[in-house]
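Quick setup: one chain, the form predicted on its own, written in structure tokens, and binding and motion questions come after.
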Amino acid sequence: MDDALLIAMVGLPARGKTYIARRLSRYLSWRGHPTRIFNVGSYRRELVQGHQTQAWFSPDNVEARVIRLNLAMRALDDAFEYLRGDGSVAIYDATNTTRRRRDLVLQRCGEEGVPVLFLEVVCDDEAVVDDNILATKLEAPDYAGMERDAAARDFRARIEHYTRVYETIGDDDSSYVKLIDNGRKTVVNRVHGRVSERALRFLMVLSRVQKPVWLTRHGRSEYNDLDLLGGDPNLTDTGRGYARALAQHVKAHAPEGLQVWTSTLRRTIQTAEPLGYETFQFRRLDEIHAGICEGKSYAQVEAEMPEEYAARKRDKFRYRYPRGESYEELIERMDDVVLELEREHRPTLIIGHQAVLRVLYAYLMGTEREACPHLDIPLHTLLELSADLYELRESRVALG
């Protein structure tokens, strides 16, 4: 439990707590901190029979209040059990709107020896709340089969019940981060520790706008033809043909405001040239460095360095080329790229390299990080990742 952390969400319904919890969970897991969300609403839907209307959430409903407390404690018990095992971070996704409830969470965490970071989400913009209700809450199992207007009225009444007892976090509370009005203001109090500080860094740049991200490898290069590692080769004629096909597709289908990112290597820059867009080059997007194996083929590595070849085959994720880097280290290098991508409000096309795009894809799609080296990112294929409620959906377009 030495490295464990409980992140307890705080805030009224329809403020984006679950969205932020899911994004934070995905990021921390990608950075190597196994994270799981414990959503009290999911426990209620699984364990309480029947449909609960807004009256069930009234603070005056004593019987329901006891049930809600028991469900909240059950979720908290499961969170602690996870942290006793292989888990590093448990995100306790509940309203936790009263000081009494947060004191109870603090007490339980103190008994378990687990530090807690409260994460409060505040939004007073009624237009944003209405959008959240229409986009997510009315699609939830709670309102399956219910007419949308009736469902919206019921949910707004539920919010009113929580508003009656809501007490915002103050300076006398424990460690906390308060996100106000979609990033307009962030209040931080007593945040310390490696994981908490890493979470804070992510939360400071997280945009609530889920924008499309397109990924593609560069066109076929001279080294691809020779099956050589690394280097800075030019595109082949086939690769230039892909660049032209990509440009045609982008001009026909690009979302408004698209920006283009490449590495600093020639094969990505040359792939971007026919697009006609302003292009931003990032050295952190350069391909994984193969060290002394740069410019060699895999067959050469196997013949000349059989021990290295075998070590890479045993654990491709953690294997580091001599004087090079591993996939695990590549994630560290790519952290700033991910944070910059999260900060952006515009859709982005990233023209990159196989290992780099595997790492980015694993983050964006919530894939296990150890699976990075085995993800299929083929040449001459555009991966279009677009928003779908809390996650991204994927389509692949073969071009050229």
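Because the structure is a prediction, the values reported are computed rather than measured. Numbering starts at 1 and follows the sequence shown.
One more form of this protein, predicted together with a further copy of the same chain, exists but is not displayed; see below.
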property: In the predicted bound form, the one of 104, 140, 188, 310 near a further copy of the same chain [non-hydrogen atom within 4.5 angstroms]; result: 188
property: In the predicted bound form, the one of 65, 36, 51, 343 near a further copy of the same chain [non-hydrogen atom within 4.5 angstroms]; result: 343
property: Heavy atom distance at most 4.5 Å to a further copy of the same chain in the predicted bound form, all of 3, 30 and 222; result: no
property: Contact flag, residue 368 vs a further copy of the same chain in the predicted bound form, heavy atom cut 4.5 Å; result: no
property: 4.5 Å heavy atom contact, residue 204 to a further copy of the same chain in the predicted bound form; result: yes
property: Partner contact for residue 197 in the predicted bound form: a further copy of the same chain, 4.5 angstroms, heavy atom; result: yes
property: 4.5 Å heavy atom contact, residue 329 and a further copy of the same chain in the predicted bound form; result: yes
property: Location of a further copy of the same chain contact in the predicted bound form, chosen stretch of 245 to 253, 178 to 186, 104 to 112, 142 to 150 [non-hydrogen atom, 4.5 Å]; result: 178 to 186
property: Residues of 251 to 289 having any heavy atom within 4.5 Å of a further copy of the same chain in the predicted bound form, listed in sequence order; result: 264, 265, 283, 284, 286, 287, 288, 289
